[in-house]
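Listed next as structure tokens is one chain, alone, in the form predicted alone.
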Amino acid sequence: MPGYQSITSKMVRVPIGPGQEVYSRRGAMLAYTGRVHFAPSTTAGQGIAGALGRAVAGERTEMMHVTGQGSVMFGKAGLHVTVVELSGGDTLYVEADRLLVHDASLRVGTMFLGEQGGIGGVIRGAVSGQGLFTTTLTGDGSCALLTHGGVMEMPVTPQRPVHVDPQAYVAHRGRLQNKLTTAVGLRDLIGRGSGEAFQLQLVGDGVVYVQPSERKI
């Protein structure tokens, strides 16, 4: 069955059928064809314990379980939609409110940012407004993300780390380590610096998704 198809930069068509159920953000369905069913989901395939953990972590977004046979067009608030393909047991790290739709076959989890950078990860969450936790999607399948202005996919290698404005960061996948670095000096303290006092440094093998905006969803 064909995969997710971008209709415009702000709308994606997702096929629904046997073995291809999805979870979508509630209120994101724009139109559909065929016999498709939508049911509220409190777990998004993660189980009750996982759902409770996500709620406590603040990574819970109301989702719909989409089943049946047909195709559904998804979009939300005129935001740009980016399709991400995961394979080989890859993991995507992304904030819950950026998830528009994802295959039900993907395993959903919640990760404490301190696991990716210790206290620096916690500070990163505070600086970026992301909070202390992030959502993970693992496995083989597709998902679609919401951003302001689309995204640039930037490859990261051990020889080529990437530095990103924490508020322009959208998501990353692969085997990446990240830490918050600072360039605060006297000029920054007196208001004459570049304004880019903090950067998120990503090192390893993978891809980071960056939006041309510092706005949150």
Partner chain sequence: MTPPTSPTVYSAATLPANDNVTAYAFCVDLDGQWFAQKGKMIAYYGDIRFQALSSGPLDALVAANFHSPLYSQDWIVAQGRGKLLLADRGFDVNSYDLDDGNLTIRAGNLLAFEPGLELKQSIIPGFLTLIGTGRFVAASNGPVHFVEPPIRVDPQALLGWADCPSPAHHYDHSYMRGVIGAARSMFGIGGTSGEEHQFDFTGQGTVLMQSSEVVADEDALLRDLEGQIGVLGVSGLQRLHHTIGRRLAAERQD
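Positions refer to the first chain, counted from 1. What you see is a predicted model; the values in this text were computed from it and never measured.
What comes next is about the form predicted in complex with the partner chain, which does not appear here.
- Partner proximity in the predicted complex, defined as non-hydrogen atoms within 4.5 angstroms of the partner chain, places exactly one of 68-76, 83-91, 135-143, 102-110 at the interface: 68-76.
- Remark: residue 207 does not count among the residues lining the partner chain in the predicted complex, judged by a heavy atom distance of 4.5 Å or less.
- Within 4.5 Å of any heavy atom of the partner chain in the predicted complex lies no heavy atom of residue 203.
- When the partner chain is considered in the predicted complex, residue 176 lies well away from it, no heavy atom lying within 4.5 Å.
- Taking non-hydrogen atoms only, residue 33 approaches the partner chain to within 4.5 angstroms in the predicted complex.
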